[in-house]
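We begin with a single chain expressed as structure tokens, specifically the form predicted alone.
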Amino acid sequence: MAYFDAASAAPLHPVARQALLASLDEGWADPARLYREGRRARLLLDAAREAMAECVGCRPDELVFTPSGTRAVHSGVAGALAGRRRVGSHLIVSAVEHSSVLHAAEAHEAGGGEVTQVGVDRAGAVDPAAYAAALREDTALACLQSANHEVGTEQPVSRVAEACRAAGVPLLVDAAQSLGWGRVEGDWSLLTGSAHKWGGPSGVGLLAVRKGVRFAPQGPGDERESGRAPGFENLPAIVAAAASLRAVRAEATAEAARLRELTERIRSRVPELVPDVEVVGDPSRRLPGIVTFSCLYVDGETLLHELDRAGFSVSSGSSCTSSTLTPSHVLRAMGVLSEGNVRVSLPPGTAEEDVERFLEVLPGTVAAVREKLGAPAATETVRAAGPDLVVDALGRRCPIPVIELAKVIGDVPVGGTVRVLSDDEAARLDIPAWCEMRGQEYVGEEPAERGTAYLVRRTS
């Protein structure tokens, strides 16, 4: 079985396993106590904090450990906003932030705050000028991920941090995906991370708050972790997290070069092997191990199940794999195809043979799924029959509305239109994406008696 979902959780690093087992014997006592066992535990905690701070690029007394990366984000956002409440209640986030950041923004907005969401380009990157333009006198905090968790695109953190610093606004960076590969460049103010993303144990997050940043911890007070992360520290897991971060950093340069070659192989060969595929994300400014592509006329959930049966664990941002039946907010913000979406995220140590086997298996798997759904062949053409058609895809989920559109677009002459009726939210993204891929004109959408009517004009 080839595990290709390291962006969700990386396999436990051997160093983390060793440190975890060793610290179970040495680090079980309360590090706040003065007796021998407590002092021993305190030494372990201090050493882990120093090692982690060195990797992050901050002072040890600026860094605290939290029960998860999500808790670090929530605590960081809430504390920074509360610390600057006299300035205002305006929060800036990008449209492709991790859900933990967006949920924190929703909670802030529900409490009376104001949120500005900065859009991204088709590669998933923000424009630093757009962040600068969003800054206001009442902006209390800005948030920007270091790299995207779904498509791997790296963000221009340094330039955004420069704009924020000039405006006197702290910048919180969610570095969960990138921290294992290196420090986050730029003059950031707050930073969060999560150990299970770099091969540490789950249940350990980190929150770094630079000296001088106004910060007011929210919730009941606690003497632990400077009052920013209440509760007894999970010391064995913290020690393992710090040890694994140092270990992966030591291997990062060589492993990054190797994984970049493997992911570039996937990026270049998948469109050659599988027709009607869109590879998404920035082609160069990207994390080493992540590559994402979307396949037309494919049910994402079925594709993932079939790849799992073939021995590959991958993930997806397709609406068909989600309980909400709406496409990933990242893919939606980028304006790219969401149906049949596959994210391959290679863990360190991935064998070249596994990647080659994936490339051998993928074309037949996609073709089989398309055949089951009755998708049109890549070379299929239909003789024109009339100037306008209506496709009723109401009650049918992705990718059926797009499949039905593709089947009938040849039935209208050049200049003729197809109106697709759909009540699936994914159609709002996938029909325009299909038009761009196939050289047809997306005219727009209009209300219908049920759902929405999407108008497409045949241009070729």
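Given the structure is predicted, the values throughout are model-derived calculations rather than measurements. Don't overthink the numbering: it's just position in the shown sequence, from 1.
Although not depicted, the form predicted together with a further copy of the same chain is the subject of the following passage.
Could you tell me which stretch in 405 to 413, 60 to 68, 392 to 400, 429 to 437 has residues with non-hydrogen atoms within 4.5 Å of a further copy of the same chain in the predicted complex?
Going by heavy atoms within 4.5 Å, the stretch is 60 to 68.
Exactly one of 349, 203, 271, 119 has a non-hydrogen atom within 4.5 Å of a further copy of the same chain in the predicted complex; which residue is it?
Selected residue: 203.
Which listed residue (196, 332, 84, 90) meets the criterion of a heavy atom within 4.5 Å of a further copy of the same chain in the predicted complex?
It is 196 that has a heavy atom within 4.5 Å of the partner.
For the three residues 159, 279 and 442, verify that every one has a non-hydrogen atom within 4.5 Å of a further copy of the same chain in the predicted complex; reply yes or no.
Not a single residue of the candidate spot has a heavy atom within 4.5 Å of a further copy of the same chain in the predicted complex.
Taking a further copy of the same chain as it sits in the predicted complex, is residue 11 in contact with it (heavy atom to heavy atom, 4.5 Å or less)?
Looking in the predicted complex, residue contacts with a further copy of the same chain include residue 11, since a heavy atom lies within 4.5 Å.
Taking 4.5 angstroms as the cut-off for heavy atoms, does residue 214 touch a further copy of the same chain in the predicted complex?
So residue 214 does not count as contacting a further copy of the same chain.
At the 4.5 Å heavy atom threshold, is residue 450 in contact with a further copy of the same chain in the predicted complex?
Looking in the predicted complex, residue contacts with a further copy of the same chain do not include residue 450, since no heavy atom lies within 4.5 Å.
Would you classify residue 446 as touching a further copy of the same chain in the predicted complex, given a 4.5 Å non-hydrogen atom cut-off?
Close contact is absent here: in the predicted complex, residue 446 is far from a further copy of the same chain, nothing within 4.5 Å, heavy atoms only.
Hey, which residues along 74 to 113 are within 4.5 angstroms of a further copy of the same chain in the predicted complex, non-hydrogen atoms only?
If the 4.5 Å heavy-atom criterion is applied to a further copy of the same chain in the predicted complex, 74 to 113 yields 74, 103, 104, 107.
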